[in-house]
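Below you will find one chain, with nothing else, as structure tokens; this is the form predicted on its own, and questions on how it binds or moves follow later.
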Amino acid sequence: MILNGVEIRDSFAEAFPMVGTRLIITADTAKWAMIAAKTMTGFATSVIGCGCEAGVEREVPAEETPDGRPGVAVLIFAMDYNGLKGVVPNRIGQCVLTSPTSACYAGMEGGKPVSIGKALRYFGDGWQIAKNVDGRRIWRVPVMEGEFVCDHETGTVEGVGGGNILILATSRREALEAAEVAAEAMAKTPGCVLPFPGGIVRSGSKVGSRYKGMFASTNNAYCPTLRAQGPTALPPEVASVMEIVIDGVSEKAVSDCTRAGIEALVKLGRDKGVVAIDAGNYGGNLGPFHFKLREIMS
């Protein structure tokens, strides 16, 4: 399949089940809501080294938030429920409770519950107060600046992690510029986040390593500097590859996000240095979700 001079390779992105939740973080200003959200989702690029994967989903206008203040929706994913219920209160406690004027609310219903105020109330040292507001339990925890308000708990969803596309380009500059355009388009997909810095990964990995104890290592088949030293997936004109990884609340959300990225890259076309679009997979052995590029674009 060739679209606007860009090859859509006959490949698929292999993704795996994750458990996720959405949180709504609010503050007196949109600036401070975003600061709390970005801090809370920091160091959350890969479960391999971070324990979770997380990112900002969207800004939430004041008329849509529980307390009528500007907010930010974040998604956070872990490999299983036990992992998620551990990282969520820790991140809220370290990064949202501490952030000026912030509050934290459940952004999802259903599934197994994950604690917010149920765990964090103890910081109030007995001065915390529980209130029922419109059928939901809210905690008010006194802090030096005023009070921290949060829901008792949030819901969870069986999500999908590890969707991806690989952008093959003629130079590093063109690869990055194309990836920025694709990431911007993909970030608009509801129910998805791109957990890596700016949504972009330069150090794509493969499963396994020649070194004992390493679960993943550099994806040498896509490293331009290793083209002459072993099997390569790169044609001669490709000098740089960028990856975009997708986590979503559903298989459809990840598929929609993948399509949005490919469409943006195809619009740029071969004239902007985009040679081909590929995807990372491990022969179908890593995860049950297979996002076939050509089927998505058909």
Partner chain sequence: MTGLVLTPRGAFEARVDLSGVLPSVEGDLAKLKIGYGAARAELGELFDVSGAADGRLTIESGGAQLDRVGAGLSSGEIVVKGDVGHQVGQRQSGGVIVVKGSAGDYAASELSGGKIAVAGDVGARLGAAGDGAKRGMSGGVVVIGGSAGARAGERLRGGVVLIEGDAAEGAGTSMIAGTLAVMGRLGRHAGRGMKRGTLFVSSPEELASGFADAGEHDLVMLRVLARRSHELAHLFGGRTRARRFAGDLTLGGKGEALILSR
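Everything numeric in this text was worked out from a predicted model, so none of it was measured. Residue numbers count along the first chain shown, from 1.
Another form exists, predicted in complex with its partner chain; not displayed. Remarks below refer to it.
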Next item on the list: Answer with one of Lys206, Arg136, Lys188, Arg202: the residue that has a non-hydrogen atom within 4.5 Å of its partner chain in the predicted bound form.
Entry: Arg136
Check: Can you pick the one in Thr45, Thr232, Thr65, Ser250 that has a heavy atom within 4.5 Å of its partner chain in the predicted bound form?
Finding: Thr65
Notebook entry, point to check: Quick one: does Tyr122 come within 4.5 Å of its partner chain in the predicted bound form, counting heavy atoms only?
Noted result: no
Notebook entry, point to check: Might Met214 be said to contact its partner chain in the predicted bound form, defining contact as any heavy atom within 4.5 Å?
Noted result: no
Check: Even though its partner chain is not shown here, does Glu158 get within 4.5 Å of it in the predicted bound form, heavy atoms only?
Finding: no
Next item on the list: Evaluate Lys85 for contact with its partner chain in the predicted bound form, applying a 4.5 angstroms cut-off between non-hydrogen atoms, and reply yes or no.
Entry: no
Checklist line | Candidate stretches 219-227, 176-184, 158-166, 141-149 - the one whose heavy atoms come within 4.5 Å of its partner chain in the predicted bound form | finding: 141-149
Notebook entry, point to check: in the predicted bound form, which residues of 113-129 put a heavy atom within 4.5 Å of its partner chain?
Noted result: Gly126, Trp127, Gln128, Ile129
